[in-house]
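This text opens with one protein chain seen in two forms, each one given by itself as structure tokens under the names structure 1 and structure 2.
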Structure 1
């Protein structure tokens, strides 16, 4: 900005700095307690640096079982939600305005519904069929709304598709299925990758829907929630540090990828 920093810009800058402090300081508190050699987690009593809470997590069988359940659920959700979301988007792309509008409303409704309602309604439905709540119902409940995310992403991509390519393939004698496999799917590939990552993260990190639909089982995140309530061991903070590290790596990688994509498109 060439203009001199005016009074109101200064106020805005200060406000933004405060907002950033508000966003990051609480996370800093949590990180600090994760390496403080004092239990229960605290930063007001400082006993020195330690990594023993990480070791405690390492030896916790319930956490590992939760992690295994989380990964299993996330894999199943990806396998279910991506094809459903893609089908939904393809179906919408071929429907008339009015019927597409109604269908679209139903397809995005899970995103506007509180997660606990999706969870509990799935459990009620399957109990009527004598299926008790467990990993299976958690997978279905999560897929219901994660497919909506996938559908929106595929729809955005399909709207940018160059239909002449597909028509050319058909003119050259390709069958519909072949044209879809050779033209549309490769075009959708980048979106399939991002949608898979989003689906995985949404599933892995989910709490509200999962806690209402998983019955007596647990995932890593629901187990963390149960331990947090009484905040007994800084092991939770150590786990939090791991989550933060992974999140930062993912965010930076994502930004780098987007930048490369952006540069590639501007080169074209």
Structure 2
């Protein structure tokens, strides 16, 4: 019995070691290549530790403009996708199962449509209205499918809502708008925050839809993709290191905030 337990423990530890190696070894290689003085990126040919690739990124005006465009588009997509997704979720939750079936399929269809099709269709549609492809069309193209992600998240949350609370508020004289603001919105608050983060990240990292809808402008992702055609620069690795650092900082801050909220709730 002891041998069986020790054997299963060994297998579990081996599996966890392989899993974490599979997850983090590529990141380790990227970090090592980002501080290697050798170009193109390599860890087998080591020419010494350097930070010059960070300095190269810092002085690259086009990359900074792409980052600014990415942040602007992601913020606008988040502002559009969340209300659209919430509206769709509320509509579907109020309809009967038969009526909602076809409408649900239509609203979810952007998730199944290739990003290239969405990007090109958006540009063609707005070109007929004399609108040049640019940041505006990129925002609309991304919002078309990211809103579907938000809608699915809101629908999952609304299915767990106790509808008797809203009905009681209406019976007591509250308007539908007030009942929604005081009951439904607080109930949806965790999902709103999660959907906002997912919408922002989905927009920030999107390439297929953006490259076909942004016209002569560019984002950080499309600029990196364009430069990959001419060879990989260690500056891209340095940029990846910066994103890892920002991600870790955000994760630690979120964990600290959650722990603080938990402590405050336990004190109450």
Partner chain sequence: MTRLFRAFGAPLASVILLLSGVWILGLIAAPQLIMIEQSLWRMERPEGSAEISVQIDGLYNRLDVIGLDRSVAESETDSAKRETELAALAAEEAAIKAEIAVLEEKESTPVKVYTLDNFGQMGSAHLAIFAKTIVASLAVSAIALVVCYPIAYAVAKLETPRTAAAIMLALVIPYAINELLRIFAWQMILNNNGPANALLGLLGFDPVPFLDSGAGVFVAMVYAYILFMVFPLYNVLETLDSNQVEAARDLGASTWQIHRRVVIPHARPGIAVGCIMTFMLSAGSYAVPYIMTRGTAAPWFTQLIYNRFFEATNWNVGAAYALSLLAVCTVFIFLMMRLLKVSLKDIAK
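C-alpha atoms forming the largest set that superposes within 1.5 Å between two forms make up the rigid core. Predicted model, so just to flag it, every value in this text is computed and none were measured. Numbering follows the first chain given and starts at 1.
The form predicted together with its partner chain appears here as structure 1; structure 2 is the other form of the chain. Figure legend: rigid-body motion between structure 1 and structure 2; of the candidates 198, 167, 178, 55, the hinge maps to 55. Of the two rigid parts of this chain, the smaller turns against the larger by 16 degrees between structure 1 and structure 2, per C-alpha superposition. When the rigid core is fitted, residue 43 shows a C-alpha shift of 3.2 Å between structure 1 and structure 2. The two forms, fitted on their core, place the C-alpha of residue 258 9.6 Å apart, compared between structure 1 and structure 2.
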